[in-house]
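Below sits a lone chain in C-alpha cells, taken as the form predicted alone.
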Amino acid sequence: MTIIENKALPESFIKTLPGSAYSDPEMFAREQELIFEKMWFCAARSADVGKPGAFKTVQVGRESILITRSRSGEARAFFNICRHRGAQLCTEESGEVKRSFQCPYHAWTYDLDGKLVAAPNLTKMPDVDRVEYGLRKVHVREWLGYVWVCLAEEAPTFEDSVMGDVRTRLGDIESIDHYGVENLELGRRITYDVKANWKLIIENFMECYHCATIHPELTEVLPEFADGFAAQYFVGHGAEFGEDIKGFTVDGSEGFDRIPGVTEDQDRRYFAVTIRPQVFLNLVPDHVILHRMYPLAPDHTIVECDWLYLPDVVASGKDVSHSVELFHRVNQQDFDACERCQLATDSRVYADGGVLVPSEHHIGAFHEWVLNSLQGTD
C-alpha cells in the first residue's frame, strides 16, 4: 500500500493513507505481525506484577503473553502457551501463584523462570530437557515503572527504538529523567474501549488542529493549543500554561507540589511524547499521564490510561479528581472523534483518503513509518 498521490492537490495539503488502511483486516494482520510483534511493546505496569508469582496476561499482536516476576524479583515474560498440547496456560487477566504455573489440561507445571518442573510421568521421560521444553520466553525490559516486551527473535535496541522516540521528541533523555516516572505511583487508572483503528488514535494524539474545536477545557489551560499547533510539532517544546492557570486541572485550579526533579524550564509546561507503536506519555509538573494502546481488531482498540503521582499524594489519599478529570474529558472527546472517523473509512468518498494541513504534516511522517514497517524497510 502506498499513499495515493494527487497532482492537483494544493501545496498546503499532503495526502493521508487511504480509508482502507483503517479497516482492512489483511493490513491489520500485517501490522500485528510486523509492528506489534516486532517492536518493544509497553505491556504492564511494574507494580501490577510487583512480587514473585504475581502475573498479568496481555494481548500483544496476535499473541497472549504471560508477564510475571521470578523468585529473585526479575520481570519475566512468556508466550501464554503450554508446551505440551498448546493449551492457554493462564486464562485470568491477572492473579498470583505461589511457586509455579500449572496447565489446567494435563498438569504440565512451570516455575517462575519458565522451566518445566513437573508433569504426569515426567520422571519416566529422562530424555526430556526441562529447560528446552519450558515456556517460550519473550524479551523483557523495565523502564519508567513499566514492563516492556518484545516478541521478535532478535529485539531491536531498546535505547535506539523506545528511548530514541523520547530523544527525538524532547531532544534528550535527561528531560524525562527529571520526572522520576519510575518512582511515581498509580493514582487512577481508566480503561477505554474505543471502536476505532489504532492509527486514528495516534494521529489524533499527534496533532492539535482539532483542539480548539473539541477540547474547551484543555485550550483553557493551554491557550496556545487553540492555534492548532501541537506540542509534538516542535522538538523540545512544551505548551505553556495560561497566565491565570494554577495547575493542570479541569478548572485550572492548583494541583500538587512539583515533582522534585522537574526544572524551572519544565515548570508550568505540558510535554507530549509518542513512543511507537502504542504509548502516549504526557508530562506536567506535578504528575504524569501514560496511555497504552492494545489494538484488538481493525476497528477496535483498548486504551489503558494511568495517572501517576508522587507517592505521598497517593498515600495521603489526596483528591486527584480535578487533575484526572481534565485528561479524562480530553480522552473522551478524542476517542469520540476517532470513532466518528472510523465510521467513514469504508465510504467511497474516503477511498482515496483525505488531506493533512501544514500543522499536521508530521502525521505524514507517521504514515510513511507505518508503510515502511509493513514493507520491512524501517
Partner chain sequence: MIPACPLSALPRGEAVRVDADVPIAVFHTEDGEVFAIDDTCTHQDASLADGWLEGCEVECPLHASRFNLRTGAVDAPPAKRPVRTHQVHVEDDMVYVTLSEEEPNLPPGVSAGSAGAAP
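What you see is a predicted model; the values in this text were computed from it and never measured. Numbering follows the first chain given and starts at 1.
The form predicted together with its partner chain exists for this protein as well; it is not shown, and the discussion that follows is about that form.
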At 4.5 angstroms, heavy atoms only, are 100, 107 and 124 all close to its partner chain in the predicted bound form? yes
Would you please decide whether residue 186 lies within 4.5 angstroms of its partner chain in the predicted bound form, comparing each non-hydrogen atom pair? no
I'd like to know if residue 246 sits close to its partner chain in the predicted bound form, meaning any non-hydrogen atom pair within 4.5 angstroms. no
Its partner chain contact at residue 117 in the predicted bound form, heavy atom, 4.5 Å: yes
Exercise: residue 130 in contact with its partner chain in the predicted bound form, heavy atom 4.5 Å: yes
Which of 300 to 308, 237 to 245, 109 to 117, 193 to 201 lies within 4.5 Å of its partner chain in the predicted bound form, heavy atoms considered? The stretch 109 to 117
